[in-house]
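Here we start with a single chain on its own, the form predicted alone, put down as structure tokens.
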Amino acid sequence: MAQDQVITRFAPSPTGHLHIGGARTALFCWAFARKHDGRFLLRIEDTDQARSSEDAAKGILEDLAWLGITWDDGPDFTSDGGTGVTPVRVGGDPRNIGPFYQSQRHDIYNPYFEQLLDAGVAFPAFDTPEQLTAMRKAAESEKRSFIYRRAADFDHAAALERAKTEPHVLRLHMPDTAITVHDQVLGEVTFPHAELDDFVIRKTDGYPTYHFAVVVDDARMGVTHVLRGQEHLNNTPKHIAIQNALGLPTPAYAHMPLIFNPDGTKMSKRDKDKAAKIAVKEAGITTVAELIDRLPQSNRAHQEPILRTFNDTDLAAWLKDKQRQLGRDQVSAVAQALDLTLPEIDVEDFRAAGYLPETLCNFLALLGWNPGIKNADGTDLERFDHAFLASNFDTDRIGKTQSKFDRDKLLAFSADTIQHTLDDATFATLWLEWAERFDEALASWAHNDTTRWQVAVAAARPRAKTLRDARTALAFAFIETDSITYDEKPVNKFLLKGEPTGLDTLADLRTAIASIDPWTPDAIDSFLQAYTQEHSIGMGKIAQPLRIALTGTGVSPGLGHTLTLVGKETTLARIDRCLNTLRQ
């Protein structure tokens, strides 16, 4: 490795799905390394044994691979996204700097602890949780910040002897000076000594804290640049203090703006819980049984046991306490019961919602960064791919102010990509990959009825905003005829008024439609066009009654596609049911 080679890293904690903010951090670290012909490494920081999980770690690797954020050094990982397409292999340890899970690097940290203990910079601390709580309360009562300090008369030798038999943590004794962070985004940020406490670097279980492990690992892995969110800025003086105490190099830091919701609140995993809580209150639900009663039959067997993991007392406490949260699966089950679409927060949420990875990365890149390039019409360049980002990204165009996550803009990006960039063949491939992961019924249809699948692709792509939106637009093709409900407004307007009424026109049309052969979009469209000319009526006079009969609403794809997707026998059956139901 060349001494001046740029090396960035992304080091998530595997405590849940990859947050969209973490995805942006990984994207920027990847792009910075690519821009400077460097290396991008991935490290899993799983020292929090109580909260970390192997499944979460695998999910993060899968999310990054799906986004196209590939790492040069890191866990060896092969992914096909669950789609059966050509696998993507990333990671490995060509520089021999692993392992890449901090829980497997325990022995690496011990010599560094010993170095600090021998120098008297680190010291054992024996305070109990109760004692620490009392210290904090005393500080609060005196209206001052709680800053932990080693006692002036601290006996280091006696503490080391005591540590041989008593539970303790290790703390770092901070120098009696201010620490200045030289940040590539924020400039110089100085932290006075009065704000810096003697913080914990090793926990009672022997594991290093985040602060210690990240410093040692960055140094041993050759990290030269640390790009991360501004929420980590207050951690940086601690990291610099450890680096100075150990004689390790200090990487260049760049703290990026946080991502906020349009209302100014921080974009957080709590947003899902908040949305579910509001929906339950608005629905007037006070018991778990009421939630279970609202579950759709198609998903009841899976969701009911999840809802039964809490009782009415738990539900009431959750609704009353803003800080109290349900588990991820519980929130999802509540959303299913209320037919509620939860806000997308994690990468997996956006994937399930049907966003394409390239579109999502393009949008994320604009949250805090501006390429500074104009289009031919003078507007700012906003649409670009991974290659452009890798060639143009640098920290000098990262802003200081917080970014707002504009979901309408992301949706517009997605709609533009699907409707105007993809062709039908590419869309079909991507839609099927999505369906195989998130929509078993659609995937089965694609594999077992390829003719109608191609019709579905042609019908959905021109008006789809996301892959899930494409499926939603064709929901009428998957429901049972007897389950169709008729929207009152278009029924009154297009079926019950006029002379003859729309129902009368539909009844006459039903007989004629039965003769269409072959049952294809072109044949159907040609027949309907000829029918309107022969009977001297406008297309709207037959189009809307047909749509209502087949879908229950006045909105659907073109009639040729709609009738083909429903099928000839089902089309006739739905017309019959509509006539019988509404005439009664």
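Fair warning: this is a prediction, and the values are worked out from it, not measured in the lab. Between two forms, the rigid core is the largest collection of C-alphas that superpose within 1.5 Å. The first residue of the shown sequence is 1; numbering continues from there.
There is another form of this protein, the form predicted together with the RNA, and it is not shown here; the text below is about that form.
Using a 4.5 Å heavy atom cut-off, which stretch among 374-382, 444-452, 318-326, 109-117 contacts the RNA in the predicted complex?
Only one stretch passes the 4.5 Å heavy-atom test: 374-382.
Is Pro521 one of the residues lying within 4.5 Å of the RNA in the predicted complex, judged by heavy atom distances?
So Pro521 does not count as contacting the RNA.
Can you tell me whether Glu62 touches the RNA? I mean in the predicted complex, with a 4.5 angstroms heavy atom cut-off.
No, Glu62 stays farther than 4.5 Å from the RNA in the predicted complex.
Can you tell me whether Gln402 touches the RNA? I mean in the predicted complex, with a 4.5 angstroms heavy atom cut-off.
Within the cut-off, so yes.
Indicate whether the RNA has at least one heavy atom within 4.5 Å of a heavy atom of Gln230 in the predicted complex.
The answer is yes: Gln230 has a heavy atom within 4.5 Å of the RNA.
Does every residue of Arg171, Arg397 and Arg547 put a non-hydrogen atom within 4.5 angstroms of the RNA in the predicted complex?
Yes, each of Arg171, Arg397 and Arg547 comes within 4.5 Å of the RNA in the predicted complex.
Find the only residue in Ala458, Ala412, Met135, Leu338 having a heavy atom within 4.5 Å of the RNA in the predicted complex.
By the 4.5 Å heavy-atom cutoff, the listed residue in contact is Ala412.
Going by heavy atom distances of 4.5 angstroms or less, which of Glu304, Glu433, Asp127, Glu290 would be at the interface with the RNA in the predicted complex?
Here the answer is residue option Asp127.
Taking heavy atoms and a 4.5 Å limit, what residues of 546-579 are near the RNA in the predicted complex?
Heavy-atom contacts to the RNA in the predicted complex: Arg547, Gly554, Val555, Ser556, Pro557, Gly558, Leu559.
Examine Asp127 after superposing the rigid core and state whether its CA is displaced by 2 Å or more between the shown form and the other one.
Yes; Asp127 is a residue whose C-alpha shifts (by 2 Å or more) between the shown form and the other one when the cores are overlaid.
So that I can tell if Ala178 moves, could you say whether its C-alpha shifts by at least 2 Å between the shown form and the other one after the core superposition?
True for Ala178: a C-alpha shift of 2 Å or more.
Does Asp408 count as moved between the shown form and the other one, where moved means a C-alpha shift of 2 angstroms or more after fitting the rigid core?
Asp408 C-alpha, core-superposed: shift of less than 2 Å.
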